[in-house]
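Listed next as C-alpha cells is one chain, alone, in the form predicted alone.
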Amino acid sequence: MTSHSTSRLYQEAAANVDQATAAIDMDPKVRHILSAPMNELIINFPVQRDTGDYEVLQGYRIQHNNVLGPYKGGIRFHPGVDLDEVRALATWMTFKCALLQLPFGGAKGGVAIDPHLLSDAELERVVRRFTHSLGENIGPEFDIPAPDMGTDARTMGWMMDTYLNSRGPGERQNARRVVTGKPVELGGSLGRDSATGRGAAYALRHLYGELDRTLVGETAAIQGFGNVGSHAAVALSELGVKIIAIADVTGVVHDPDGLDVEKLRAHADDRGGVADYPQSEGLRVEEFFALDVDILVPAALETQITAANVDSIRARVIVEAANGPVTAEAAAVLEHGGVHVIPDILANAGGVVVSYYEWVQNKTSDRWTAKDVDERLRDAMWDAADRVANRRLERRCTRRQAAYMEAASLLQTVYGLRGIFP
C-alpha cells in the first residue's frame, strides 16, 4: 500500500477547515480557535517485554476541540503513528461530530507500535500503561477513547478496567462510558463493531438515491479488509452490490463473478489476510485501483489515492471509508472527471455515531436492540447526507466542501451562542 506523509496529512486537514470556514464567512476569532488543537499530549511510558527487558514507547493524545461536548476519538496502534497524523485525525473528528450533530468534540490518540509484533501479554501491558499514563486526561465526561486501526473491543476493555481501577469504589460503575467500542458484555453497544462499515454503505445508498440509480448489480472493489472494510463488504453485499476485488496488506484477490464475502472473511481470519484465497485470482496492488468497477471503497490507510495513481481510476463513485484516503490533488482530478466522492467525515462517521449510542446507553443503564441501533444509525447517516446534498446544491460545490461547511456552520453557531470566556 502507498506510504503516506503525515505532515502533509495535517496540512490537508487544515486546508479543508480553512476553506470551509472562509466559505461560510466564519468569525475570524472562531476560525483562529479551530486552526489548532486545544491540547496536545506526548507521553513517553515504559513497558516490560516478555523477555524482562523494558522499552520506552511514545504515545499521543490530541484534543482538538470540545465546544460541542467531551473530546471523542479513537486510539491507533500502528508503526507510522506520529504527532502530525494524530493532529489531522483529531481535526477530522471535530468536523465529523459536528456534521453528524453529535454532542462530542474531536480527539485522537495513538502509540507508534506494531501490535502484531507483541504477545497478548505485552499488548495488554502497553494498553494498561498508556491508559494509566493518560491519567486525568481522559474521562467519561471529558475525553472518551474508542478503537481505531490496530485496536479493538478487547483493547477498550483493558482501557476501561485500568481507568475504573483508578477511581474510588463509588465511581467505578458509572464511569464505564470512559471508552466506547467495548465488548458487549462490558457495556458495549450491539452494532458497534459493524457501525463504520454499515454507515459507509448507508451513505452510498443515499448517494444512489440522489442519482436515482439502484445499487443492485453494481460492482465494487474494497481496499482494506479489517473491521471497516469487512463490514462494508457485508453491508454492500446485502444491498445487492457485487464485490469483485478486495485488497489488504497481504495482497489482492479478484473474482469478476463476485467474491463470497463470508467465505473470504473466514479465510482472512484463519490466514491473517486475504492472500491465497482459493476462489479468486491474485492481482498486483497497482492493478487494484485501475479495476473497471462502479464503486471504489478505500477502507485502509490515509493518502492511498494520489496524483500518481488517480488517472488510472475507472470507478465512478468513491466512498472514503478510511480517513483521508484521497489527497487534495487527486480529489481535484476526480471532481474534474465527474467522479462522485463521499467524503470521509460523512462516509466513515457510523463508528462515532454508534459510539455515541453506546455512551448514552451506559449513561442511562439501558440496552438497545441491534435493530434499534441499526435503524438509528441509518437515520443519522441519511439526515447528514440530506444536509450535505442540500448545501452542495445551494453552494454549487463539491460534497467534501459541503460537508465541511455544514459542520463549520454548527461550530460557528455554538461559538456565537456561548461566546469566548472571559
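A residue's number is simply how far along the shown sequence it sits, counting from 1. Not measured: the values here are computed from a predicted model.
Below: the form predicted together with nicotinamide-adenine-dinucleotide, not depicted.
- Within this chain, G150 lines the site of nicotinamide-adenine-dinucleotide in the predicted complex, having a heavy atom no more than 4.5 Å away.
- Contact annotation: G224 falls within 4.5 Å of nicotinamide-adenine-dinucleotide in the predicted complex, judged by heavy atom distances.
- Contact between T196 and nicotinamide-adenine-dinucleotide in the predicted complex is found at the 4.5 Å heavy atom cutoff.
- For K96, a non-hydrogen atom is located within 4.5 Å of nicotinamide-adenine-dinucleotide in the predicted complex, even though that partner is not displayed.
- With the partner left out here, nicotinamide-adenine-dinucleotide still marks one of 122-130, 159-167, 244-252, 135-143 in the predicted complex; by a 4.5 Å heavy atom cut-off that stretch is 244-252.
- Of the candidates S189, N348, S280, T91, N348 is the one whose heavy atoms come within 4.5 Å of nicotinamide-adenine-dinucleotide in the predicted complex; the others do not.
- L301 is the sole member of L301, L83, A112, A275 with a non-hydrogen atom within 4.5 Å of nicotinamide-adenine-dinucleotide in the predicted complex.
- Residue R76 is the sole member of 62-92 found to place a heavy atom within 4.5 Å of nicotinamide-adenine-dinucleotide in the predicted complex.
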